[in-house]
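Below you'll find only one chain, the form predicted alone, shown as structure tokens.
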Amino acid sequence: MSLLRLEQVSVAYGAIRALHGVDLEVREGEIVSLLGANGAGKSTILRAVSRMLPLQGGDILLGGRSVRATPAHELVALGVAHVPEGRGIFPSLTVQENLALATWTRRERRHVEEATRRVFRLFPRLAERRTQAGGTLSGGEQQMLAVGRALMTGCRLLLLDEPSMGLSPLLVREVFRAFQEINAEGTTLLLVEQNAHMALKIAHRGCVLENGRIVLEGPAAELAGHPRVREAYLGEAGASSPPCPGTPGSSR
């Protein structure tokens, strides 16, 4: 079942077109990874989905309903949470206070308590530091806090923008393990990630963007084996070859 669908989505920053008629589907229960060089349009897709950017053309459907005109704060109540690049936590507030700020759409106290227990189970370090100011946490702990805060909304679609940036390999594995557990518990993930190895390892499907267009897409395992992906994103030698199954049009 389709949870999120982008239909011919175009986005521009002033006179600069960032997305050119992008079609993308994320099915309920999936992890979908977006790969591409800096400036390819990956983060722009997340900002368009979370309604932080206006569309120049096309439409975005959430559960079959158009959200093109839906304000960002209303989208949270519909089950979409966005963890931006840079984390965006409140440094002067404690871990517990950061988490509590995300519960404004949840009316029943028991739901808030259940969400808090879930976050502390996924990220035990946050439980140990619940009274510590967010700004005093390590980079990895701040990333855990940003993800935990998003989960406090009770989201069904979690948008993740470069979650491994600045983290040690050990912390990257820990955070990505949590993503798999979050997904196994029923949350759908749309992941933008420069670490293509980890992104494709946990994803069900993947897409490669170049210059605001999807040029390759398919099952993550097949995409990881594609010579073009191996050479450009996995650091392996490989010659160009035909597009992966499911690639729209040609590979340019």
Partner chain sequence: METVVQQLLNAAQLGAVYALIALGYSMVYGVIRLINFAHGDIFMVGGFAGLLLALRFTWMPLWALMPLAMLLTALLGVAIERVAYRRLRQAQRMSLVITALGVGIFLENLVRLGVGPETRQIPSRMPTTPVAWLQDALGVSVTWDKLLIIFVSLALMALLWAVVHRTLLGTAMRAVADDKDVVPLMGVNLNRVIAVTFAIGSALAAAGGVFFGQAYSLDPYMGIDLGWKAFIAAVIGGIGSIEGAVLGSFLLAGVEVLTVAYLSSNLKNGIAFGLLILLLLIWPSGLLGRPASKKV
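Since this is a predicted model, take the numbers as computed values, not measurements. Numbering follows the first chain given and starts at 1.
Another form, the form predicted together with the partner chain, is not on view; read the next lines as being about it.
- Interface residue among A37, M52, A69, A221, judged by heavy atoms within 4.5 Å of the partner chain in the predicted complex: M52.
- Checking Q180, Q132, S168, S92 for any heavy atom within 4.5 Å of the partner chain in the predicted complex turns up a single hit: S92.
- Taken together, the three residues G79, A115 and R156 all stay farther than 4.5 Å from the partner chain in the predicted complex, as judged by their closest heavy atom.
- Exactly one of the stretches 208-216, 58-66, 23-31, 44-52 approaches the partner chain in the predicted complex with heavy atoms within 4.5 Å, and it is 44-52.
- At least one heavy atom of A100 is located within 4.5 Å of the partner chain in the predicted complex.
- Within this chain, P84 lines the site of the partner chain in the predicted complex, having a heavy atom no more than 4.5 Å away.
- Shown alone here, R110 lies farther than 4.5 Å from the partner chain in the predicted complex, counting heavy atoms only.
- Of the heavy atoms in G139, none are within 4.5 Å of the partner chain in the predicted complex.
- Residues W104, T105, R107 of 104-137 are found to place at least one heavy atom within 4.5 Å of the partner chain in the predicted complex.
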